[in-house]
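As structure tokens, one chain now follows by itself in the form predicted alone.
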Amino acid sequence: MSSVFKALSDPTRRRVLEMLRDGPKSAGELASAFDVSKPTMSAHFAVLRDAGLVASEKDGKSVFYHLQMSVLEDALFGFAQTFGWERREDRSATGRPALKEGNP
């Protein structure tokens, strides 16, 4: 979970994840949205990959990234559990609030 939050701590990496919500994109397409060097973007991609938030696949000379939403969901749920939240389907008779859409 720590690697996920480390990855999310940087605004550039959060923006990359936002861009990937619409589907896979090439490293070049993602990098062109930022005013940083290629090595800097490569480092950002590596942090996201290491956290499991994105997966990459090579197609010829291009590398395409896609979002691994389940990893983000699991990390956020794990974090929420530390404060007593439960998934709706896991909610017990404890009366603790369930983690569901619409809860703040």
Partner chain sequence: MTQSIEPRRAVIPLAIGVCTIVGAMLAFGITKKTGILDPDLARRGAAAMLGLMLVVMGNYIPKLRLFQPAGEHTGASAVDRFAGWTFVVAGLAFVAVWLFAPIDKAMLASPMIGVAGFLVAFARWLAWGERAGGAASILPRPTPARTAIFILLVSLLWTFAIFFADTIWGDRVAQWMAMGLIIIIAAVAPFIVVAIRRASTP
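Positions refer to the first chain, counted from 1. The shown structure was predicted, so the numbers you read here are calculated from the model rather than taken from an experiment.
Missing here is the form predicted in complex with the partner chain; even so, the following discussion is about that form.
- Proximity of A43 to the partner chain in the predicted complex falls outside the 4.5 Å heavy atom cutoff.
- Contact annotation for A27: none of its heavy atoms lies within 4.5 Å of the partner chain in the predicted complex.
- Remark: M69 counts among the residues lining the partner chain in the predicted complex, judged by a heavy atom distance of 4.5 Å or less.
- The partner chain in the predicted complex comes within 4.5 Å of no heavy atom belonging to A31.
- Look at V71 and E57: in the predicted complex their Cα atoms move 3 Å or more farther apart than in this form.
- In the predicted complex, the CA atoms of G60 and V71 move apart by 3 angstroms or more relative to this form.
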